[in-house]
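In the block that follows, a single chain appears as structure tokens, in the form predicted on its own.
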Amino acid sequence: MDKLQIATPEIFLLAATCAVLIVGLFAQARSNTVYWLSQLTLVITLGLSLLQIGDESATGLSGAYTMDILSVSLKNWILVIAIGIFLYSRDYIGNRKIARSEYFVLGLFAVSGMMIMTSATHMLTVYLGLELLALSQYAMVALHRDNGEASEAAMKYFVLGALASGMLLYGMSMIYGATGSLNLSVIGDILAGNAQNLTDARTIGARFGLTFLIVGIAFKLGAVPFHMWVPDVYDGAPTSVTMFISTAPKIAAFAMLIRLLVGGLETLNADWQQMLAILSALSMVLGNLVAIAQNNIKRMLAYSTISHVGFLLMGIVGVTSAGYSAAMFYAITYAFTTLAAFGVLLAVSREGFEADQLTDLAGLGRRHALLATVMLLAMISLAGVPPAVGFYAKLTVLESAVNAGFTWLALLGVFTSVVGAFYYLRIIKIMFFDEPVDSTEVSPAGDVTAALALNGLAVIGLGLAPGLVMSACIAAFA
């Protein structure tokens, strides 16, 4: 295979995004032209990515980029979720004073950054992909220019994101100073050669850099105690942007975590294993406890995200292929379950009305039974209730933690899941048993309704038959 062919989907996506950007300059404000071109771009990119399934793993661009089962699988899921995000966001963006074409163009650039992160095998490539994603997200949060909360959230996100990037860069520079390379496979080989001499200056320098690397990654994931930006950004950003931030980027962050810690620094797993275990425990406890007190559904889902990041980290803590596979499955299923939940919020919202309070969902079961059912499926999945896919995802992560000797962490995960079930089930109670506060008819577009129905069926279907996705996750780490 030509070494440049491993990046064919990304090259096409970036070129097409530039073309969409130019078209957006001339498109009318209320036109759907940019939306349809963006969707066409994502569909063609997905087709190019699907063509890479079954190809032999290959590395190119001077060892900075790779195509393997892990990257291809994650790219496919990122693109599918991005298509859903754009579909659910179309009417929400169109009915508000939000830069319509800019939302989709920035979304495409963010997807490019995510795809680069999944294939990066060089620290500079990881950083370039991360910043392409992050800078796009900063701008997306601030798109609602007339909203003071959105501007405040964007500023907080930008400042804390820049701090996290600085930590990450500092950690990378320390590791470069210790090993003389930024190529993750070379770093892994050098550290493996020094594995017997833990007092070697090279190993000590790498461990010092690892600490800053973990801090930077934890900021990007929103793990406790580096989570302070998450609830404010989720609440202040337009709901369509909140949906974007809370779904596909979590898959890309998982890929970055695997590339850096497993691909380059696995020799130091005794160090990062303990750090991730602490981050996991703190995230599960604080996320679930604080979420109970929230009446704003976006802030509640923000703290829910923090708790789920704890579960994601629990799988990686095991330092086994089974644990990595379980964490990958968790990241994928969490992303499209959250996509369904936010899709319902967007469908219920309308011009001049944001469905961001728990009471805004009161009586939804009577107002629109399908939307209420999809939200119910999303909530029981996030709570880890069978037969939804969230139950199987949590079960595999807990099993990997127990097998790795982290029984205390698994027990803490079970306890916090029971606590977290309260606020998920509260939403179900409000939708089906409370009297409607708003009697306005809920009538989303036909294609949105159909997509949400499929999204809900996927949440249940993958819970009943998780083998197809799980086998791909296992193959990625075989």
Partner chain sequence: MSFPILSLTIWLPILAGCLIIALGDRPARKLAGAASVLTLLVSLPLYFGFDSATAVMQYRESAAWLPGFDINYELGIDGIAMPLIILTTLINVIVVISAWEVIKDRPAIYLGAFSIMTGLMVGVFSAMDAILFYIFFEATLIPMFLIIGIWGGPQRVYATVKFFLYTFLGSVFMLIALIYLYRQGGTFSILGMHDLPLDKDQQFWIFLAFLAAFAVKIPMWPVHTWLPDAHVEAPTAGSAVLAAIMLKMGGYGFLRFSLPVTPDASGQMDSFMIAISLVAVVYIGFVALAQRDMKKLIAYSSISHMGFVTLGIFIAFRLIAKGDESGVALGLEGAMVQMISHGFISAAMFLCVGVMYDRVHSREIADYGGVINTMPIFAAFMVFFALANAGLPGTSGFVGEFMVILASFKTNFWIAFLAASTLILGAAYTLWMIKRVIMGPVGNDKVAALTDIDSREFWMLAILAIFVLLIGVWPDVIAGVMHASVENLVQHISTSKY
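A quick note: this is a predicted structure, and the numbers were derived from the prediction, not measured. Residue numbers count along the first chain shown, from 1.
Not on display, but discussed next: the form predicted together with the partner chain.
Point to revise | Location of the partner chain contact in the predicted complex, chosen stretch of 234-242, 403-411, 267-275, 67-75 [non-hydrogen atom, 4.5 Å] | key: Of the stretches listed, the one contacting the partner is 403-411.
Exercise for review: Could you spot which one of Tyr170, Tyr176, Tyr127, Phe391 gets a heavy atom to within 4.5 Å of the partner chain in the predicted complex?
Suggested key: Only one listed residue qualifies here, and that residue is Phe391.
Check your understanding: Can you pick the one in Glu152, Asp356, Glu399, Asp91 that has a heavy atom within 4.5 Å of the partner chain in the predicted complex?
Key -> Flagged contact: Glu399.
Review point. Does the partner chain come within 4.5 Å of any heavy atom of Met470 in the predicted complex?
Key: Flag for Met470 set to yes.
**Study point:** Heavy atom of Ser417 within 4.5 Å of the partner chain in the predicted complex
**Key:** Yes, Ser417 sits close enough to the partner chain in the predicted complex that at least one of its heavy atoms falls within 4.5 Å.
Check your understanding: Is there a heavy atom of Ala476 no more than 4.5 Å from a heavy atom of the partner chain in the predicted complex?
Key -> Heavy-atom contact with the partner chain at 4.5 Å: absent for Ala476.
Check your understanding: Taking 4.5 angstroms as the cut-off for heavy atoms, does Ala465 touch the partner chain in the predicted complex?
Key -> Ala465 belongs to the contact set for the partner chain.
Review point. Counting only heavy atoms and a 4.5 Å cut-off, does the partner chain in the predicted complex sit next to every one of Ala421, Ile428 and Phe433?
Key: Verified in the predicted complex; spot residues all in contact, yes.
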